[in-house]
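Let's start with one chain on its own, the form predicted on its own, as structure tokens.
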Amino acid sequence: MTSISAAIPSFIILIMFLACFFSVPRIPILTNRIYIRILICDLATSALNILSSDAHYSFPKYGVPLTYALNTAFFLLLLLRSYLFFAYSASLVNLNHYNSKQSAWVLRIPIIISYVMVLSSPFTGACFSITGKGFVKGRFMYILFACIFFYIAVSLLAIVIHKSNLNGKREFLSAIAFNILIFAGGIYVLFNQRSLIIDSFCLMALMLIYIAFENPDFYIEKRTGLFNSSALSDYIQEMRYKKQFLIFSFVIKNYQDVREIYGVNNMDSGIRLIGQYLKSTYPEITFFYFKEGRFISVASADTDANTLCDELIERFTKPWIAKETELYLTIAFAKLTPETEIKSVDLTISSVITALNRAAKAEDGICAVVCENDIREYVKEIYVKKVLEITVEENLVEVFLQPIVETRNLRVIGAEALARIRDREGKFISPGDFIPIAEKNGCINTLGEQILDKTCKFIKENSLDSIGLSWINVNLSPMQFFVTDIANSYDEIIKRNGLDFNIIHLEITEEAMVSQSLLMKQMDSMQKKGFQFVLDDYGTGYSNLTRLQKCPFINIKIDMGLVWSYCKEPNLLLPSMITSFKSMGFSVTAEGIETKEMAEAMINLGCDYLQGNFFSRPMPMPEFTRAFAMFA
């Protein structure tokens, strides 16, 4: 039998734990609300357990009525605590939202019966009685424990059946573990009358829940102090079953550009200042930070989004002072109206992000409304992602070749290898759709290696001289520069196919030049292996002539946008640019050649190579071989 003094430390720890829990912001979702109720109920249960146990040991000084009252209150709270633990388990796997009112009342029957038995005990002695010797266990006491074990069993069953609603194995095992702790405490007390050890088991269960599910670090975005994307997902998941609400969001326009201009530290400070402003100015609205300068709020359905837009625009006309640096930022808005049906949380959030991206390209102050097209865009993205995953896993990527023509004699001298993927029906998916997704989810690295390997096999199986080629360009994504051993993996592919390095040229988009130090480091290690580099899409990114001089490019490809603009309305920019490149020792390729007139204009400007649909669209490798072998 455990002494009362042994329970005091657990009681004090629980009070401190409760104080700490209330000192941090909490997202108002069901699991958090139930957890708070459990903490309060456990505190009251522990206090009554100590008092009723003391009454058992010191019966004469308490008297019969007070002892009855203390024990009755204790058993009622003990049952309530067990039911709340069950309710928390159900909320973890989202059962609370799906259960009907009828099934909810069925699950309450055991606790209702137990409550009736406890409340009748002073008159019937069903669960306990108070005699001259103090507390005496009643013959139906075991029914109370049966009720407790029933809720634990239902909790475990729900967790096992609906474990897919939990985030991975860690959450699943944690949910199982805290229920087992409560079960162990109940078993111990069942065979050790008036033991206070159950409070220790419950305290351990509460701490486990906190570590696994309730830790505020899971939901707080560090820089802003706002809730993060995980919190947003959970909050919308719950709100969709309750009432209509408005999702209002805004994004810092050209976020990556201004982050580069002002610097990472200054922008992080600016993001923090914006978060503090939102929390203090709009305490009635729950705000979330969704990465890359995106702020999303969930507000009541009657919130005036237009007024909110006007107020934020007014604030953003003033600078944000971050570490003595004035940040001038512009924002774009998007909203999802209360009338919009929430079919799924992921679909909702992604549709809002799609609308934000659309708004960021529009005029300042325009608030984009989430529309069916945004939803279709997200559904399409999910579809493309699945096709891409299958393609990479089964190595089904196809390589098409587009010829590159030498201006000196208008003969094919090289080609660019381009990735193509198909869905199960054989329909092609645009590179503009799958490449960004591949870069986002990391499979661009494997995809790039597969394209290089298939290009090398094509060269190995076909004499390049027979089709008039001197080299083939293979694209290297900016995201691949973050792979530390890319030089070794590409080197191994070239050597495995027994090729010379000068046959493969690696095309790097101008976007990769944002991080000059990383670019130079990777290019240096790959150049030592024997690779040569081409700068692709010049005119779309951040590079300048000074930065170009530091990089070992052999060729500069002018983006088709600059080529088309010049051919539509000639100017001095492109001619001077080409002259500068050639004076620096670079050869120049003009992309996007669609007509004979465009080809002649680029030849007159001094370009060395031309590429575009005027000469040929990208073709599958066998078709390319048949088409150009006769011209070699």
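These numbers come from a predicted model, not from an experiment. All residue numbers refer to positions in the sequence shown, first residue = 1.
One more form of this protein should be noted, the form predicted together with a small molecule, which is absent from this view; the next part is about it.
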query: Residue contact check: Y57 to the small molecule in the model of the complex, 4.5 Å heavy atom; finding: no
query: Partner contact for D42 in the model of the complex: the small molecule, 4.5 angstroms, heavy atom; finding: no
query: Contact test in the model of the complex: E416 vs the small molecule, heavy atoms, 4.5 Å; finding: yes
query: Touches the small molecule in the model of the complex: H162 (any heavy atom, 4.5 Å); finding: no
query: Non-hydrogen atom within 4.5 angstroms of the small molecule in the model of the complex for each of S229, I252 and I366; finding: no
query: Partner-proximal stretch of 49-57, 560-568, 573-581, 600-608 relative to the small molecule in the model of the complex, 4.5 angstroms, heavy atom; finding: 560-568
query: Heavy atom within 4.5 Å of the small molecule in the model of the complex - the one residue of G186, P431, G125, G134 that qualifies; finding: P431
query: Interface residue in the model of the complex among L336, A175, I444, L535, criterion: non-hydrogen atom within 4.5 angstroms of the small molecule; finding: I444
